[in-house]
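Form predicted alone, single chain, as structure tokens, below.
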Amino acid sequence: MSVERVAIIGLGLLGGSLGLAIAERLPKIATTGFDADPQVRQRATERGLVDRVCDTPAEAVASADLVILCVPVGAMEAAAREIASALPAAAIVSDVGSSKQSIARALGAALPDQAVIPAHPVAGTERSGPDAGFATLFSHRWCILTPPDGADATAVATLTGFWEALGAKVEIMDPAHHDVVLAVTSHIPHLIAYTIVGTASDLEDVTQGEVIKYSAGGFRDFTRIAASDPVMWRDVFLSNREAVLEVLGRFTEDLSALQRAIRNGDGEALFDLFTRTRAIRRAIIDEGQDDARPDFGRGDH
């Protein structure tokens, strides 16, 4: 199956980047888009995020071969129901959400007769909105597909080829396993970042001005993560609550062990942990998933 027309519902960071990436790498594909916010639609038109910004979601999907929902996880089912009656029978429906079991259930309920292949491009920045998108967001990043049991093999292959053409590396994964993996690599780190930045702002003995003025690299990087879209992340934690709570329980146990090591003066335990985590950092760089330059290359800008 070839993709000639793509509809993007939601024109923020991911939706906008998707439209720009298609224009740059798959220029023969025609794109339509819709966003529930009229101001976002206006800005998307000005930036040319898609070929045609539509006034309704039904208009956007009316002739699409592939529809990608780029809305917050909590809005997925409502967005799917809005387009259900206008979808061409052969259209593939996908998404970019970061919790897959809940989205599979939501889209399956809203679109029982449609080819639905959930997906998660593991890419993003702390910025959001129609001005945040850029064409290379997905280059050399992973896109995880979580097709349901019995999914149409041609639809899976089509979606795989589409993401690879945008520069992504594609992997097929069970949705439950995906949710645990992302709880570890993305959701819990965000939760920790939101918490430590909130704690710092609440400390009575340290003024907010001092927190801002003397931010060392570690805290500064937490603030970058904690600047992420609050609506999106609220929905992520609520939709992936089982996996998040499971991993958070393990993290809490490990944090308690670290607390004991510090209280007991157990330098060996601390050194062993820090040595293991340093090796993981090096492996991430070797995999090409981050920049090896000191201070993440900030001094080069």
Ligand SMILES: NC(=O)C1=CN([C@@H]2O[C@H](COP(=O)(O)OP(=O)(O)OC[C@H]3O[C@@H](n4cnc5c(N)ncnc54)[C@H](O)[C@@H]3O)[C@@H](O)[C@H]2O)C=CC1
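Note that residue numbering follows the sequence shown and begins at 1. Since the model is a prediction, treat every value here as computed from it, not as a measurement.
Below, we refer to the form predicted together with the named molecule, which is not included among the displayed structures.
Quick one: of Val71, Ala183, Ala106, Leu159, which gets a non-hydrogen atom within 4.5 angstroms of the named molecule in the predicted bound form? Contact with the named molecule in the predicted bound form is made by Val71 alone.
In the predicted bound form, which of the listed residues (Ala79, Ala115, Cys143, Leu191) lies with a heavy atom within 4.5 Å of the named molecule? Result of the distance check: Ala79.
In the predicted bound form, do Ala62, Asp65 and Ile92 all put a heavy atom within 4.5 Å of the named molecule? Not a single listed residue reaches the named molecule in the predicted bound form, so no.
Choose from 245 to 253, 37 to 45, 265 to 273, 22 to 30 the stretch whose residues reach within 4.5 Å of the named molecule in the predicted bound form, heavy atoms counted. The contacting stretch is 37 to 45.
At the 4.5 Å heavy atom threshold, is Leu166 in contact with the named molecule in the predicted bound form? No, Leu166 is distant from the partner.
Is there a heavy atom of Pro175 lying 4.5 Å or less from a heavy atom of the named molecule in the predicted bound form? The answer is no: Pro175 has no heavy atom within 4.5 Å of the named molecule.
With a 4.5 Å heavy atom cut-off, would you call Pro147 a contact of the named molecule in the predicted bound form? Output for Pro147 is no: heavy atoms all beyond 4.5 Å of the named molecule.
Evaluate Thr125 for contact with the named molecule in the predicted bound form, applying a 4.5 angstroms cut-off between non-hydrogen atoms, and reply yes or no. The answer is yes: Thr125 has a heavy atom within 4.5 Å of the named molecule.
Heavy atom within 4.5 Å of the named molecule in the predicted bound form: which residues of 91 to 108 qualify? Those in contact are Val96, Gly97, Ser98.
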